[in-house]
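One chain follows as structure tokens, the form predicted alone.
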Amino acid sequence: MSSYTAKPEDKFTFGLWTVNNPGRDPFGGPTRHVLPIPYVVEKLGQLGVWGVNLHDNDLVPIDATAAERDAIVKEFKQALSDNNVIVPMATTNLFSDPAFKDGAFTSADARVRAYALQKTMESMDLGAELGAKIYVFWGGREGSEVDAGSKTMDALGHFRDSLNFLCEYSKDQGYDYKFALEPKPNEPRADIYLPTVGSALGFIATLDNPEMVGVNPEVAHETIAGLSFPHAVAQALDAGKLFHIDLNDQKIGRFDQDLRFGAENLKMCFHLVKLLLDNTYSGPKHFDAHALRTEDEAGVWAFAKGCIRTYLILEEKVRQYNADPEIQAALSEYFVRDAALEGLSKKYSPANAAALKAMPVDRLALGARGMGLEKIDQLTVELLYGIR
């Protein structure tokens, strides 16, 4: 029986903004204190966490002087070293400051767009100094409440120009960043540009350096849209674009809850972990969630530990699933293999097309065949309930 404790090879990460979330929401102020960052790093290190991620202003206040910035970064680096924690990913806060109230890279104001580039380059410098190799772009204000300004086409063009600019900046500085777009359909704006993984993948193909840019899908974001998160992740994996992943949980149709991983949709989380494990995903596994507003500091660390334990429990369940003889026998019946037919349909040739057109088909038998999915799904549920 596993102890369900994290090891560095698990590559579990938390953001400074996750465990340091003070419990504020639109209808109420903080319910707990913000913790000193070196202390946060120490506590995460004690949990066996591999990495800590950050927005620029999670660490350095937006109005800090150069001397203040250097002192903060020095202290943070020491905490990382003391606790064997690294910074795998960095990002920019382009959503909190009022300057970005109508977008950053997609603002209708050229001055705001220029400031967004300046702030991002400085944040990339910080991330590189801390050792980050992945840079995430969440366009929290890149959208609209009303379309009266008719800026959508301009906005997409500005977004593209900004990413092209920053890719070149990364190459020029020798940072070797992998960029990851984080889709979200809404909140804090009514409609956010590039709302889903599919739309982000389509947009990436239009960039000057598409090989540098992938996606950072998040459980809550696709779930808000009523979509299947495992399907979105599979699409990213299939495209070779899963550069980073945000793990949490979410009720469909609610505000962005950022619940503890596995807190709500246990079967979905199982299928997600299975997808990542079976396809040997080796990147960071980032818990982009936070403790409930009801919790004190003890609840924060219970939340963080819970994310880790649930992921590792589900990995164990995946291994059980893959070794369960009854489940595997049912899957063997579900997947009908035919090497000859698969060879014909794998790649087009005139001969393959002619053979397929001449192939006899018992359409009625195909339609009458039961697939056995009820049995497979029930066996999966029983495994998750712990009775197999």
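One rule holds for the numbers: they count along the sequence shown, beginning at 1. Note that the coordinates shown come from a computational prediction; the quantities given were computed from them, not determined experimentally.
There is another form of the same protein, the form predicted in complex with ligand GLT; it is not shown, and what comes next is about it.
Undergrad: Does Y169 reach ligand GLT in the predicted bound form if we count a contact as any heavy atom within 4.5 Å?
TA: Y169: no contact with ligand GLT in the predicted bound form.
Undergrad: Please determine whether H55 contacts ligand GLT in the predicted bound form, using a 4.5 Å cut-off between heavy atoms.
TA: Flag for H55 set to yes.
Undergrad: Please determine whether D256 contacts ligand GLT in the predicted bound form, using a 4.5 Å cut-off between heavy atoms.
TA: Within the cut-off, so yes.
Undergrad: Test of understanding: in the predicted bound form, would D102 fall inside 4.5 Å of ligand GLT by heavy atoms?
TA: No - in the predicted bound form, heavy atoms of D102 and ligand GLT never come within 4.5 Å of each other.
Undergrad: Though ligand GLT is not shown, can you say which of F95, Y281, F165, Y115 has a heavy atom within 4.5 Å of it in the predicted bound form?
TA: By the 4.5 Å criterion, the partner-contacting residue is F95.
Undergrad: So which of 271-279, 146-154, 214-222, 70-78 is the stretch with heavy atoms within 4.5 Å of ligand GLT in the predicted bound form?
TA: One stretch meets the cut-off, namely 214-222.
Undergrad: Using the arrangement in the predicted bound form, list in sequence order the residues of 277-301 with any heavy atom within 4.5 angstroms of ligand GLT.
TA: The one in contact is D288.
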